[in-house]
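Subsequent text provides structure tokens for two forms of one protein chain, presented individually as structure 1 and structure 2.
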Structure 1
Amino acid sequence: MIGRAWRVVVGFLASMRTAVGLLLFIGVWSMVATVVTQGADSSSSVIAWDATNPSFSPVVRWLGLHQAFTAPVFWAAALLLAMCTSACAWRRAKVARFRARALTAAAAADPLSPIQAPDLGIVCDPALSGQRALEIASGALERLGIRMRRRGDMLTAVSPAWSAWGSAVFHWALVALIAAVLVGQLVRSEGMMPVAVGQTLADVSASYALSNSGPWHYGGVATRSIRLDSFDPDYKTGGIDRGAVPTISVLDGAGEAVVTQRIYPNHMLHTGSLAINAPACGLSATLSFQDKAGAESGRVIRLVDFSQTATEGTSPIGLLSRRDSAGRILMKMSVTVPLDRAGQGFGEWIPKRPSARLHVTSADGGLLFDGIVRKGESVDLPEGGAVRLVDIGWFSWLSLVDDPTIPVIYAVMVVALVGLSVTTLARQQLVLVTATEGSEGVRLDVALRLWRNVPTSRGEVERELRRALGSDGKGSVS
């Protein structure tokens, strides 16, 4: 009873229908996830999506689609697919082991091996000698695409034992790939980090504008930093316009550069488990705050995004709050950069005359200042002191993905590709041919296994050998 139940379970897991059904489900789930905002249920972006999709929100939350790739439904389907692939890989490994042993034994076979257990036994024309029969058989088999080698009194065409393992290696690599992807969802982190030219930010959650981490991610301790060394708004290489291109350095815990590289489409920065892309850019305004005596008390860098719908072409990224020694808010400031006109819109570059618009309000929202400050100019602040516009520069949005399983995934994909290549291209065949002379004449004994990628069949081999050896109408055993 137990054995029967086990066979039913294994049969279900190894079924092609089960695997295809799971693949379809995971594919549909992934497509739905692309149109549903991903993030924690309490995040502002998820709350906003739910508010604009009230009809779907209850179902989406119940299914866990806001965390699509860590949701229990997805994990159950992925684990079941891994079990299906494992069952299939196990079966293929058993077949590969049997074939590899047969090929290894055939490679060391002597002329008596085919006689002991022939798959084909063909009685040749009485006028043929044993040696002549082997020559004719060799030519007939080569016409069918099987290249024979002469080894003493025997013809051989035996594939190497490793050729039998391609399919098993490919399927086990798929199992490892699924496992790596699932683990990756637990340990990976991804997010958007805005960095201005010359700025260095520690790779911690506070440096990200948007971020999402798996429950097992090791974040929280700064082990590296990201620095924007330079920015070329119109980079060209190899005769191709790459657009706005930043040069990024990844620094280790001691502040030493691990890697420095330009980033543009199809040229991401990779170092260890970290991958960095640069999907967008904007402008930065460096402000210097001065106390009542005119001494500089600190500097800040405010970032602005390009926006063709904004009044002056840019929109602020967050507000700057000024507080007193007790932590009470004295004022709030937003910073934008008025852009030069370009046709019906704005030119997304640093203006010819760099300036910033400062919009300053009190803690209760009362307007304190709203005006343009040119580069190098200062404006007095209501609570005393002043703020000076030091410079207008560039910043780059960096998309960072930190996934320790990425090197493993690449390695597994290489192994899978090797296994698939062997399965697709390598021939799996075992052909041993000997000729024995007896009272009835010459008899050809053939051990024949045509498993994969062989351009002929057993029936065609038998017909061609019988025709070539003049045994049409004669008996054959198989």
Structure 2
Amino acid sequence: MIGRAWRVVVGFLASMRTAVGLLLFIGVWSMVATVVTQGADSSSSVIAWDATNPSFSPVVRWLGLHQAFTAPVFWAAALLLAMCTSACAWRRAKVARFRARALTAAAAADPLSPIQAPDLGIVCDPALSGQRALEIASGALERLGIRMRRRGDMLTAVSPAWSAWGSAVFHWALVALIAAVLVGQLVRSEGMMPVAVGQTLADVSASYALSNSGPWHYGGVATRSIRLDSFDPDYKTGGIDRGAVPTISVLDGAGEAVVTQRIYPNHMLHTGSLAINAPACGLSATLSFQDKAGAESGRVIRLVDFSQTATEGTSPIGLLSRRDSAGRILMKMSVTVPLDRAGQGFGEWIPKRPSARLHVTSADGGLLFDGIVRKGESVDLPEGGAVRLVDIGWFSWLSLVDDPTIPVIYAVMVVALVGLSVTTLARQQLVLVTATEGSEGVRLDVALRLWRNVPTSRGEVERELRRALGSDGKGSVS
């Protein structure tokens, strides 16, 4: 009973219909996904798409096509394809073993014995000798693109046994690739970390503005930290403008730099399974808070993104809350940096006269202060004390990806492509020819297996041999 069920399942998985059906489904699903806006159901672009396509939107939402490549349907299909491919890879391996054995046996065939169970038996023109018939057959096969070697009284063209393994290796590698990608989704972590020049942040979730970890992620290396050593807003090398380029160090638990590197497009920082990229930058404002007696009570770094649509060219990243000793919010402060005008918009650099706009509200939102403070100057705070703008500098958005499966994915891709190269380029052919002289004349026996990548066909070989040996229309055991 279980045996039968198992056979049905394997039969279904290894069936060609299932494979082609799944390939087709994934292909069509992906096509549709490129014309449907991708994003969270609540995102503005998705809502806008739904509004312009009211007749499709219910179906699209129901199918999960707005998040097409994370939708359960899609992953189920991918998983089923992986299972299907394993079932097929299993069968491919069986075929490969069978062919490899046949090739090995043919390569070792005794050149003095007649071929057992030939695929073709051709009775030649009676005027031909056995040797002559072999010469003619060799020429005829060569014309069809099969170069024969002479081994004793036998003509042979036998591919090496490894040529049979390409397809199986390729299909197994595909299974491994899908598995590695799936595992990668579970163990990888990625996130965006904003770091100002001179700042060092521990690689822990609190340091990220945005982060996403798979359920099996090991939780980050808490002892590792990231430091932004310096920043070049306009770095050029090799005659190419690389844009704004930070120099980053990754520090170990003891605070020692493990690696220090400039980061720009096509020049990421790699250390272990961690890769760091710097996709964007902005400005930082360092503020110093002073107590009523004028002594410094603390320093903070506030970050702003460039924004050509914001009133003064920057938008704040987060709000700063000041609390009293009981934890009650005293005030909320947002910081922006007014930029210099450049043409119609704003210049994305540190302004010539660096300053910051402080917008301070009470806990319930009432405006307490809104004004500009220049570098080196301070303003009094409504709660008492003052705040001084120490400096305006740069910060970098760092994109950190920690994915230990990437080398595995690369390796599997290479194996898949090697397998596919063998399938594509290596011939899989087995041709043995012997001539036996008997009472009715010479008879050519041919073992012929043209499995793959052969520039001719069995029919063509048979016709050509018959024509060349003057035996058109005579007996054959094929």
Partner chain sequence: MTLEIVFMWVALTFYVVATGMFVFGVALNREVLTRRAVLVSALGLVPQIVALGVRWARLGHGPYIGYYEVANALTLCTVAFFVIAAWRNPRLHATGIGIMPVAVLLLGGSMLASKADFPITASLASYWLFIHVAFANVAFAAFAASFGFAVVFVIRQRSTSGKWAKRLERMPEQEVVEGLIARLVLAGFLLWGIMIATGAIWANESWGRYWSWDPIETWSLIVWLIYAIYLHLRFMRHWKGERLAWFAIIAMPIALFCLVGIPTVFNTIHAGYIGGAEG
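Since this is a predicted model, take the numbers as computed values, not measurements. Each residue is numbered by where it sits in the sequence of structure 1, with counting from 1. Heads up, when I say rigid core I mean the largest set of C-alphas that superpose within 1.5 Å between the two forms.
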### Message
Just to confirm, one of these is the form predicted alone and one is not; which one is it?
### Response
1
### Query
Relative to the superposed rigid core, does the CA atom of residue 376 travel 2 Å or more between structures 1 and 2?
no
### Message
So, superposing on the core, is the move of residue 90 at the CA at least 2 angstroms between structures 1 and 2?
### Response
yes
### C-alpha of residue 171 off by 2 Å or more between structures 1 and 2 on rigid core
yes
### Following rigid core superposition, Cα shift of residue 431 between structures 1 and 2 in Å
10.1
### Task
Let me know the CA shift of residue 23 between structures 1 and 2 in Å, rounded to one decimal, core fitted.
5.4
